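Single chain ahead, written as structure tokens, the form predicted on its own.
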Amino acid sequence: MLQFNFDNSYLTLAPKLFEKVLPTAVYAPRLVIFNKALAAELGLNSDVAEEMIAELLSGNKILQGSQPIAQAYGGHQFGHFNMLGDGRAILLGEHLTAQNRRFDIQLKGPGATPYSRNGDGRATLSSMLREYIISEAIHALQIPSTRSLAVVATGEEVHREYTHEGGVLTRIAASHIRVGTFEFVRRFNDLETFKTFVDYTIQRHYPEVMNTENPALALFTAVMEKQITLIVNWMRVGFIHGVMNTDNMSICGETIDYGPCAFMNAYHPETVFSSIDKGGRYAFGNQAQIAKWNLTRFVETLLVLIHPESDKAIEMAQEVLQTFNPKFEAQWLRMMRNKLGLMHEEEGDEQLIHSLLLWMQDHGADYTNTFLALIYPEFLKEALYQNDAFKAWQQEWLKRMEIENNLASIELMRQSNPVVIPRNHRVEEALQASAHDGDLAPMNNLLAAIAQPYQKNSEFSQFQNPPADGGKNYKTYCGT
């Protein structure tokens, strides 16, 4: 057995917050990929036959100590509130490590739940492998993320626009409490249930705010600051989440729910890949303000606990919320300075940064590789960087760098700029080979390349370049 050390604290909450449900057995579970490094971090005994792992992590056999549930939550999807819940996911339990760290162990795609809304509760193998690749890449990029322990093929067909093989992902998270969970508990439950839920969340994720003067307001402040840091990190590496609904915003500040996500090639703040984001609501450059919008929905649920007088509660919440923009802008500017090796703050830095971004936007320059061109001379050989406007900007940057410690600045740039990201076309190649052709080599090569994304390695140089056409017409789909 994998020997999870299950605790099930979520079951101590009001029964309306979840439904007990068992996974639906699959016909022929087959282990496609297993994250041994993550298993070791969790303290799991992974010296288990692949057939047994497949039985356990497909849901065919229930792990010892597990009390499976589907969690209830709501969410604003593209600005409109809906009642949701785990329609294709089942929480097996909370694993406690030897260091007393608590992690949710969740299966995605294990069959229907009471929240499936006439769906089958299944997921495609391709979409689960996609989440495995991208979530592990985000983790390697040193950005908080849910993790992927395994993907199991089900041996059964899943019918979407096309027919696919089914897959089950084992997702590891600090928890699956979302902004949408707060929305559900506040809207559809009594105040005492909501208070108990808020206390639970604070004790689990933010115990440092328990003894503050106003724990609810302190909780909101802490969550806001984590979200600012998260979004700034997404912007640093060109990541576009694609579907930033409130049910996809984790309270603990982890990147969660890798649906139509992608990485930007040519820089443009309006970049959108998601096929369902027709209006560009969740475009690359909108992510900060959408996070603020989601946080506004979050703090609305907390008003009743912030102050007994509604007007005063709104005033106190707005006072904190008004710090979002300046805090984000300060963190974003610090991040961009790091990408350019600017260790000291100078008055003209913001103009220097925006001038580069505007040049990149006007010339369709690759976001990742343009910063690498400032670190590694071979990238500068590209014809694009012989452009007179770029050379003029580069001279301004070099002049600005004269007041920096050159070696320390270059090292800071190397730590801030990944050499390898999971390029969209490489991800699609890996998924085509693994999910459709049964060839795991491209996926394993991609995973090896993104495991150490800040290290320059000639072995993985083929993963550094965008597609020949720039990927302008690339689209992502939920696919689940």
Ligand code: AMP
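Quick note: we count residues from 1 along the sequence shown, nothing fancier. Being a predicted model, the structure only gives us computed values, none of them experimental.
Although not depicted, the form predicted together with this ligand is the subject of the following passage.
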| item | value |
| --- | --- |
| Options 350-358, 204-212, 290-298, 83-91; stretch whose heavy atom lies within 4.5 Å of this ligand in the predicted complex | 83-91 |
| Contacting member of 312, 187, 195, 117, with respect to this ligand in the predicted complex [4.5 Å, heavy atom] | 117 |
| Sole residue of 254, 366, 183, 257 within 4.5 Å of this ligand in the predicted complex, by heavy atom | 257 |
| 4.5 angstroms heavy atom contact with this ligand in the predicted complex for residue 132 | no |
| Interface membership of residue 267, this ligand in the predicted complex, 4.5 Å heavy atom rule | no |
| This ligand contact in the predicted complex: residue 95, any heavy atom under 4.5 Å | no |
| Close approach of residue 73 to this ligand in the predicted complex, 4.5 Å, heavy atom | yes |
| Residues in 132-165 with any heavy atom within 4.5 Å of this ligand in the predicted complex | 160 |
